[in-house]
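Next up: a single chain in structure tokens, the form predicted alone.
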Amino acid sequence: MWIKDRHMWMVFVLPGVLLLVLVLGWPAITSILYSFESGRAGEAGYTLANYKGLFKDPFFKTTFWNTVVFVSFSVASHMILGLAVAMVLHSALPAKPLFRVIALLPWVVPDVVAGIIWKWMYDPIYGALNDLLITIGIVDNPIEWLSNPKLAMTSAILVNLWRGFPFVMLILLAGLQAIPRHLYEAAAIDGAPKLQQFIHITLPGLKKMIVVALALDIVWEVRRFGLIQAMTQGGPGVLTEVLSTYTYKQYFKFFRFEYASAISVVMTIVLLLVSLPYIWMISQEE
């Protein structure tokens, strides 16, 4: 046979490598090259004009800050609710498989579908949420959740909390199941209360899984597009505009391909910096 046995692995790996290069590598290289082009008729060559324009663009600064707020509150709420639900599902809960399926249901719903559903629920006239609040007497008049400048971002974060916490819950639940049970039994024999067991056993045992959940969830939330686009399209004004929706508008609405590519490159650099602790942890294990 013309391929030796010790080289046979290349036959199986090569198709996957070529697919990654075509699907991920080539678009990435193209975006980087685009980001250094001026985009003006008659101007050739590469320049840093797009990156300089980012730092002078007030909309980019606002969008960047919106992304920081959206991602920070989303990830923090995912971690808190995800850990709480994971601990409940890890306990001696009746019908545990049923509750695990129920907890996973929001994660199954696609971003766009979730955005459309919650946009209808938030509707001040036909929305189910306002109808419920008025019926039980919490409010007297309908609340404009998505058009109120003070409530728009909070409303989007609450929906993202519902949509995204199962992802963190799954990771932390796997970490809880890996913690040896005898540690809790020994702590209980010594008279340690539940709070001390949580601080000295659960949290240290989940340290690696928390790093993994934080890194992956931050990456997902920075890239979150469908939910915001379906609910608010960045409005009112630019109060819920995030980097993903801003990049989309620059590319497909304003046809500023080079500028949108520069924003994408900046996003990639930020995500790489965020992922460094996770990459370092994985490399140390190997």
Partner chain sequence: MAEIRLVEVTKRFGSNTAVDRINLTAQEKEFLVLVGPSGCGKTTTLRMIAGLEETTEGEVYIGNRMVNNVPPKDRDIAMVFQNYALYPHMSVYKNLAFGLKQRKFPRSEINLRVTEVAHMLGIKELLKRKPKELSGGQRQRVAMGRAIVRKPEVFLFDEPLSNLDAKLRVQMRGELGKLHRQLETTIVYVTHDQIEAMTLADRIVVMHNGIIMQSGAPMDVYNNPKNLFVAGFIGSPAMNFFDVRITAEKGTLRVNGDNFQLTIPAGLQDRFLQAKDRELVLGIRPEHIYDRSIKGSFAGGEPLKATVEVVEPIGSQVILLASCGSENLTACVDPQTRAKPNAAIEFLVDTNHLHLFDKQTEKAY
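Residue numbers count along the first chain shown, from 1. Worth saying up front: this structure is predicted, and the values here are computed from it rather than measured.
The form predicted together with the partner chain exists for this protein as well; it is not shown, and the discussion that follows is about that form.
**Student:** Among the candidate stretches 176 to 184, 129 to 137, 209 to 217, 87 to 95, which one is within 4.5 Å of the partner chain in the predicted complex when only heavy atoms are counted?
**Tutor:** Correct option: 176 to 184.
**Student:** Considering the partner chain in the predicted complex, which of Met153, Ile201, Leu161, Leu170 comes within 4.5 Å of it through any heavy atom?
**Tutor:** In short, Ile201.
**Student:** Name the single residue among Val109, Ile102, Ala188, Ile80 that comes within 4.5 Å of the partner chain in the predicted complex, judging by heavy atoms.
**Tutor:** Checked against the cut-off, the match is Ala188.
**Student:** State yes or no: in the predicted complex, is some non-hydrogen atom of Ser147 no more than 4.5 angstroms from a non-hydrogen atom of the partner chain?
**Tutor:** No, no contact at 4.5 Å.
**Student:** Contact with the partner chain in the predicted complex for Ala192, defined as at least one heavy atom pair within 4.5 Å: yes or no?
**Tutor:** Contact with the partner chain, yes.
**Student:** Find out whether any non-hydrogen atom of Ser72 is located within 4.5 angstroms of the partner chain in the predicted complex, and reply yes or no.
**Tutor:** Answer no; every heavy atom of Ser72 is more than 4.5 Å from the partner chain in the predicted complex.
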